[in-house]
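Take a look at this single chain, the form predicted on its own, given in C-alpha cells.
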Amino acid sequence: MIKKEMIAMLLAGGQGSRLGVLTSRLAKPAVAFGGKYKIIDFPLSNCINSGIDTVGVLTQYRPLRLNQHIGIGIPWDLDRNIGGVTVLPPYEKSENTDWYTGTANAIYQNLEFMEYYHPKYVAILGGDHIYKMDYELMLDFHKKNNAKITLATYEVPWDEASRFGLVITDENNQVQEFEEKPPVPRSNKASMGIYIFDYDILKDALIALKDQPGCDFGMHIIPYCHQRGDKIMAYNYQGYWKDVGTLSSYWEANMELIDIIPEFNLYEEFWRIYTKSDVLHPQYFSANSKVSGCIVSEGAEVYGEIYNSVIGADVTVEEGAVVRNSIVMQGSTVKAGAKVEKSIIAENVEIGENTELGLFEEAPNKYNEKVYAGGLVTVGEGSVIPANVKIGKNVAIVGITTADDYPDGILASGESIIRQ
C-alpha cells in the first residue's frame, strides 16, 4: 500500500478576474512573474524544497497553458513514479457531475486521488501567491501542538486588516474566533489560505459539507471544524508574502524584485525557485542601449533604453524606444521611438513606432474602475497598438487595434479598448 506522510493539494483553477485582461486567455497561476517565472512556480518550488513529492494541481479556468507549463513536473523534480505532480481538472462522474464550485468542493471532488496515497496530513495551498515557505516547519508546528488543523497567518498593517479574513488567537496561537473582512478589526492576523489538515479531519468535514453550495475552506470548512471542537492553530509566517491578485499588487511585487537589496530574493541558492525554461539565445544589448535597474530574461534584445523594469524572454526593445517602470512579458516588441511608462504589457504584444503609453492626468477607468487603477496601462496578450498614438493612465487595451480606434491619435486616461 502506498502511504505518504503529507501530500499537497494546490488550488490553481481561478480566473483571477481582478487582473483584468492579463487573464482573459489564461488562468492566474500561469501569468508571468519576474521575467522568466510563472506565478505557480512559487508554491510548486516550495513543495519540493519542503520535501513534498506528491502534489495534486486542481485546474479549471483556461487550463491549457498551465498544463503545458507543468507538464510532468520535470523542472520541480516532481516527475516521480510514485507521487510527483498530477493535474486534476473537473471530470464527468456517474452522478452529481459539476464544475468546481468552491475551494473545498474542488478538494472534495478529488477525495479518490488523496485516498490513493493514504496521507496522514494534507496541505491545502493556493496557486496565486508569491512567497517562500518551508511547509515542513509548519508541519512540525502542527505536530508539536497536537493540532487537527493549522492555518498560516500573516500580520498585515492594521489599516489594511479590514480587507482580509482574520483570526483571533489566544497566547498559545490557538484560534478562538474568525472575522471575515470586519470594518473594525480586532486582529491583524490574516489567513493566507494555506492549511495543514489531519487527513481524517479533512475527509470527515468534506463529506459532511458535500452538499453545501460553493463550499469554501475559509467560509465553511474551517468554521465547521472549529464549531465541532477541532483544535485549530495559527502558524505565524514571518517571511515575504504577496497576494498578486490585483494589477497594482502584481506591478508592485515585480518592481520590488529590482531593489538593490530586494525584500524577495530570487537568487538564493538554498531556496531556489524552479521553472520550465525554454532553450533561448542569450540577451543582446546594442552599443547604444541603456539599461538601469532591470531584470532582463533570456533571448531579449535591447537596442533602446530600459529603466527599472522587468523584461521577459524574447522581448525586443528597438532603437530609440524607452521603457520605464514597466513589465514587458515574453515575445513582445516595443518598436522604435515608442515610450512606455508604468505599464503592464502581456505576452506577444506589439507597441507601434513612436507610440506613448502612460501620459496625461489620471482618470477613473470607465470600463472597470476597481480593476484598472493605480495609474497603470494594461495591454492584454496578443494585442497590437499602432504607431504614433498617445495613451493615458488607468487604461486597458486588448486585441488588434488600428489608428481608427484612437480619435485624434489619443486614448484618454480612463478609456479602454476591449476586443476578445
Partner chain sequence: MKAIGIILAGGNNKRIGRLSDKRAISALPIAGSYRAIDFALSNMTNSKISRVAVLPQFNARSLNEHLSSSKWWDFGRKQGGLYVFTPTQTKDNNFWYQGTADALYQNIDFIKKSHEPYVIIAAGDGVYKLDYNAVLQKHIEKNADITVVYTNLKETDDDLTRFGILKLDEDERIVDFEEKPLVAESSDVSIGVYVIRRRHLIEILERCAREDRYDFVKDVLVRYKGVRKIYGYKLDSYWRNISTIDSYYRTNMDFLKKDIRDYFFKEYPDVYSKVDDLPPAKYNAGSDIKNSIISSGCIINGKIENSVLFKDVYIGNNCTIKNSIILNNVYIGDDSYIENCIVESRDTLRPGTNYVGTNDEIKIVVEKNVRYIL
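Positions refer to the first chain, counted from 1. Here the structure is a predicted model, which is why all the values come from computation and not from measurement.
Note that the form predicted in complex with the partner chain isn't included here; everything after this is about it.
By the criterion of a heavy atom within 4.5 Å, Val296 is counted among the residues contacting the partner chain in the model of the complex.
For Leu209, no non-hydrogen atom is located within 4.5 Å of the partner chain in the model of the complex, even though that partner is not displayed. Using a 4.5 angstroms limit between non-hydrogen atoms, Asp79 touches the partner chain in the model of the complex. Residue contact with the partner chain in the model of the complex: Pro89 places no heavy atom within 4.5 Å of it.
Taking Gly229, Pro183, Pro213, Pro282 one by one, only a single residue has any non-hydrogen atom within 4.5 Å of the partner chain in the model of the complex, and it is Pro282. Shown without its partner, this chain lists Ser162, Ser277, Gln174, Asn348 as candidates; in the model of the complex, only Ser277 has a non-hydrogen atom within 4.5 angstroms of the partner chain.
The partner is not drawn, yet in the model of the complex one stretch among 317 to 325, 287 to 295, 165 to 173, 147 to 155 has residues with heavy atoms inside 4.5 Å of the partner chain: 287 to 295.
Looking at 169 to 208, no residue comes within 4.5 Å of the partner chain in the model of the complex, counting any heavy atom.
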